[in-house]
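Have a look below at one chain only, the form predicted alone, in structure tokens format.
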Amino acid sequence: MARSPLVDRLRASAPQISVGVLTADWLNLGSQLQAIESAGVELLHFDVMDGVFCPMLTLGAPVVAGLKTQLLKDVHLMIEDPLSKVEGFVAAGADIITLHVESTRHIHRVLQAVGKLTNANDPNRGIVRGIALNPGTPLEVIDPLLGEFEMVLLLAVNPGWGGQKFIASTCDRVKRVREMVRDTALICVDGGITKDNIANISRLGADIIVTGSAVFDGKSPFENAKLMMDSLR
């Protein structure tokens, strides 16, 4: 399947942060999204949890569709058996769909299904297909899927709730994944990202770093996002 043109766009702007919307002030969501966009952020991260794959229950496709923004919608599905649900999230405007290899017996089939879908925002944009790995999942699961994804997301915490500390062994995993995929896929790190460690994580070779509460901490999302973007440079 042809690679999404978005991959080249994201690689050109890497390293980049993808800001998790769950920790935003939803009563002032419009102004908060404008603030991070003004700071140079391109990606808005949606943590979709079903209360089955991981403990929390968060949001679904209607919420993804309901957020009107120029930011690219980076949708991370932490749900069981995603095959029947991916089409709804693409229709809702997902530009990136990330699927957990642990969430289904047939991850290859789901990736192929996503590859046949059309980006609802721009048919020429394509959809970036991502695979996500929990901290305890061996990296060897990547090999049989090469060619069916454009991004690898490594979780640096166990999925399900915020406030967890970054798992140190993730650093070695990032380096190993970089060797495995070379330039064929983007590398994303998600979980435990703070203003203090984002620069070090970027130096490991991550193209996209997901952060939420470090930006939306109840103070200034523009200043926080700008600080973290500057740290990547």
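This one's a predicted model, so the numbers in the text were calculated from it and none came from an experiment. Note that residue numbering begins at 1 and tracks the sequence as displayed.
Absent from the display: the form predicted together with a small molecule. The rest refers to it.
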Checklist entry - Does Gln34 make contact with the small molecule in the predicted bound form, using a 4.5 Å heavy atom cut-off? => result no
Item to check | Close approach of Met78 to the small molecule in the predicted bound form, 4.5 Å, heavy atom | outcome: yes
Next on the checklist: If we define contact as a non-hydrogen atom of the residue within 4.5 angstroms of the partner, is Gly212 a contact of the small molecule in the predicted bound form?
Outcome noted: yes
Item to check | Contact of Asp207 with the small molecule in the predicted bound form (heavy atom, 4.5 Å) | outcome: no
Item to check | Answer range among 90 to 98, 115 to 123, 157 to 165, 136 to 144 for contact with the small molecule, defined in the predicted bound form as heavy atoms within 4.5 Å | outcome: 157 to 165
Item to check | Partner-contacting position among Ala39, Ala61, Ile201, Met49 - heavy atom within 4.5 Å of the small molecule in the predicted bound form | outcome: Met49
